[in-house]
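This text opens with one protein chain seen in two forms, each one given by itself as structure tokens under the names structure 1 and structure 2.
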Structure 1
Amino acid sequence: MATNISTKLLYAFVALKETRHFTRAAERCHTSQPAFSAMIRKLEEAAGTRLFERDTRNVTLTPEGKLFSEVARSLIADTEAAFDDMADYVARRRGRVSIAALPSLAARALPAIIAEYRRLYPGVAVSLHDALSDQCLALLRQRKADLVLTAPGANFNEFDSRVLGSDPFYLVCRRDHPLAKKRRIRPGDLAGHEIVHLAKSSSVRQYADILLRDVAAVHSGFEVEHLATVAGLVEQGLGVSLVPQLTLFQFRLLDLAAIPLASQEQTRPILVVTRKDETLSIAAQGMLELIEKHVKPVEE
């Protein structure tokens, strides 16, 4: 049998049990005595038995009322604990947030943001997945990530996405390379030079191919998966490479030259992607706010 018992009735029961007086119990519940008496009658009707013995001097629990007292105490405790838990989630004292991001973002932009988030909300568990775009979107689809930071690509229609920032491209080369003396590089300057490429599945390679589509550059023969490998090959003079700004820390470790491209029409946009028509949790929204604060805005 379905029973419709509100917490208001449970608190009325406890007030009457403790005060043993209808008037004082009504005052504690901030209601009139007739309204309070109606609440107790409704509770007894739901219980199917009398819970209180009434006389002119005192109000006491019936045997059934003593049994119900334990039930009421447990229900009230569970309700208060549930609202305490919810208050913790709302205040970001508890919860979890999971981010999936391109390796360049996961390695460079996000660690400082996550550290700041942990300082602000130490009770929230944070997880980070560094992966290529398709893998990031798969994590979002599987609900293993709350939000994704990636570059534009295919298969975005099922998600909500918007541009969060931009990532301009640089040429990286040895400091004794002929192009290292230039203050800015145009794509045409790379004609005749050997290019070390990332794998075609990477967003970096896709944008580099756009930049070089009208340039008679030479493929070095190297097409690798990791930026650290690109850096090592460039360090040994086996070619030059085009990479976005967020990846430059990989190359500065080897003291290579990094020269910005003169035209940034083909910057790599950075997108934030979420599940369509779903509101982020309060913990995830707090993380997104910090990301929006720190990630470089799109240049007009």
Structure 2
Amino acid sequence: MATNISTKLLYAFVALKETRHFTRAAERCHTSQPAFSAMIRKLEEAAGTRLFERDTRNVTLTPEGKLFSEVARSLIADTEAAFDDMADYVARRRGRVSIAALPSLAARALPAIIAEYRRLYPGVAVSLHDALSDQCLALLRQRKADLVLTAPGANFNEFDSRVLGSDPFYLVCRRDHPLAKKRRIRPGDLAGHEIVHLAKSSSVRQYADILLRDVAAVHSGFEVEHLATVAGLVEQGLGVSLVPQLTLFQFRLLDLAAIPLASQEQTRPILVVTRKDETLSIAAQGMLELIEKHVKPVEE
């Protein structure tokens, strides 16, 4: 029933239709003339009727050949379009990639990566969501994001995740603060100091809380949403804060001191999270490679 038709036969048909000459059509198809005859014969068998009327002198389309002629053109065009499209996606001349990332990553690390990506693959549409971890994962679940950059949290079993790098914590304080003179900070050093906190929903806060678990720090009473606000409060001497390296740009703007924590274990891992058992699109793979290229050197 389902006769097997190959594009080769369609190309042969079009070549013969246009040349009206077996020998020349065979040349155009890079094949010998008898082989070409066989292809036409095979196509005619599939069609169930002669498509060309021919003798040794003339080759003309039959009425059925004329009917087939119109459709053959569009079959070829559609097939070529399909594979050309596919080649565009493979070459990242077309496509789409959507990233969701923590605000700290979205603001600082990602823009340069995205800029390079767009330079390499201008045809691919890139979208970026900056959101807190839970919302990033929700976007991933809803397929509104392909890649998520975040720090570890609860319920990551649902996804695939890989460590991209780790983001060490720093103490930030005024340059005239007593702790500003230290080269390294241990959590215990913070005992008795007022701490400006981010909201509990932020991943930075969750890691900071772990760091401060056994420390008698004084809560400043400030618990704000944005790092820029933390920076403003710290600059006014209203407290110090613990933030990851990737957010330091916010504090450097105000000429605050940033001192690394002594313990290297006290870092916030940065993960790339994807949906489980699903392949990244080629566009997204390219983005991931670029992210790894940029982030890895920062870590080591």
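Throughout, residue numbering runs from 1 along the sequence of structure 1. Since the structure is predicted, the reported quantities are computational estimates derived from the model, not experimental observations. In this text, rigid core is short for the largest set of C-alphas that superpose within 1.5 Å between two forms.
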Tell me which of the two, 1 or 2, is the form predicted together with the DNA.
2
Determine whether the C-alpha of R20 shifts by 2 Å or more between structures 1 and 2 once the rigid core is superposed.
yes
Superpose on the rigid core, then tell me if the C-alpha of L43 is displaced by 2 angstroms or more between structures 1 and 2.
yes
For Q236, state whether the C-alpha moves by 2 Å or more between structures 1 and 2 after rigid core superposition.
no
Once the core is aligned, what is the C-alpha displacement of T31 between structures 1 and 2? Give it in Å to one decimal.
6.4
